[in-house]
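A lone chain, given as structure tokens: the form predicted alone.
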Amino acid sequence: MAAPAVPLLDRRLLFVTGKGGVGKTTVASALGVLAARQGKRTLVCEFDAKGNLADFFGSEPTAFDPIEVHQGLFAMSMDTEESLKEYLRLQIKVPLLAKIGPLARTLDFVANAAPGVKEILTVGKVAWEVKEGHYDLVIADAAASGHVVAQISAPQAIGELVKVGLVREQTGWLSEILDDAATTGTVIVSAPEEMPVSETLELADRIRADTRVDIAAVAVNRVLPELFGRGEEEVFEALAAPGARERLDALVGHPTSPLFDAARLAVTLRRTRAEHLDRLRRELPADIPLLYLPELFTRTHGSRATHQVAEALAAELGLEA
């Protein structure tokens, strides 16, 4: 008998990933806002140090040292050199106060020869925060779908190669955190379009085949609302018929054709995207929850939009926003 699903925000570590451009950072930041609203001390960690996580919170730029962006919500950006310094200080007990540029360059050389080293420094940082209990929930705005499997499977891969010694000890506790479905999960962000859906299905298969990390949910971003019910659509078509629209133009005092054209376009887009949603529901394993997030129709993303997505997530998860 399968174990019951763990509620999304009851986990301790979430990796948010997805095809570039689908709203991965949007969902990661909104999950952070929602978790903080639920009273959880939460950290959102952006793995791409050149990203724009701060824009989603309307905060000062983020760095390796976390800053509090809202009450109970902290944000940071990954820095490999700083992560290495912290790792050496905490795990190897090597005090380092100065810059370690030469050592970081050596790390680059080693990482190229031994894939997984950089990934462990990145994943290990967020897992360490979980291990030490510094936060109730850590959310990683992780690599895009083409690279995330290498990140979350790195401890497992190195653990299979190295059976004894210090490296084995360090990857051991990491693997325990990542492999525990009650603690860790991935959230795949998708969109109701052909390529994102195809990539989501492929990524879900790869995560299950190549890692031991649980898939906590798939969040489908930018879902358009259904504009008309069946009865409303009949009224719309009657108003759009020849003769009726001319009378409507006369009543409102200006042409209504742009409004009708826009409505038809919205209906067409919604129904075209619905086909991709149907495919996702049909081909995704039934035990993976699907969350639907609305199209916000905004040109730029800021704190206000992040809170709107958080409210939509709350509704999907049956929580108070």
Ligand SMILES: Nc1ncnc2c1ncn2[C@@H]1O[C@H](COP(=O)(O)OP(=O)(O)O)[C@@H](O)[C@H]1O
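Numbers follow the displayed sequence, beginning with 1. Note that this is a predicted model, so its numbers are computed, not measured.
Separately, the form predicted together with the named molecule exists; it is not shown, and the next lines address it.
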Which one of these stretches, 118-126, 214-222, 175-183, 74-82, sits within 4.5 Å of the named molecule in the predicted complex when only heavy atoms are counted? 214-222
I'd like to check something about T26: if you look in the predicted complex, is any of its heavy atoms closer than or equal to 4.5 Å to a heavy atom of the named molecule? yes
Is it the case that L14, even though its partner is missing from this view, gets within 4.5 Å of the named molecule in the predicted complex, heavy atoms only? no
Considering only heavy atoms, tell me if K19 and the named molecule come within 4.5 Å of each other in the predicted complex. yes
I'd like to check something about E194: if you look in the predicted complex, is any of its heavy atoms closer than or equal to 4.5 Å to a heavy atom of the named molecule? yes
Which listed residue (A54, L296, I67, I288) meets the criterion of a heavy atom within 4.5 Å of the named molecule in the predicted complex? L296
R299 and A35, C-alpha gap in the predicted complex relative to this structure (3 Å or more): closer
Do R299 and L313 move together or apart in the predicted complex, judged by C-alpha distance changing 3 Å or more? closer
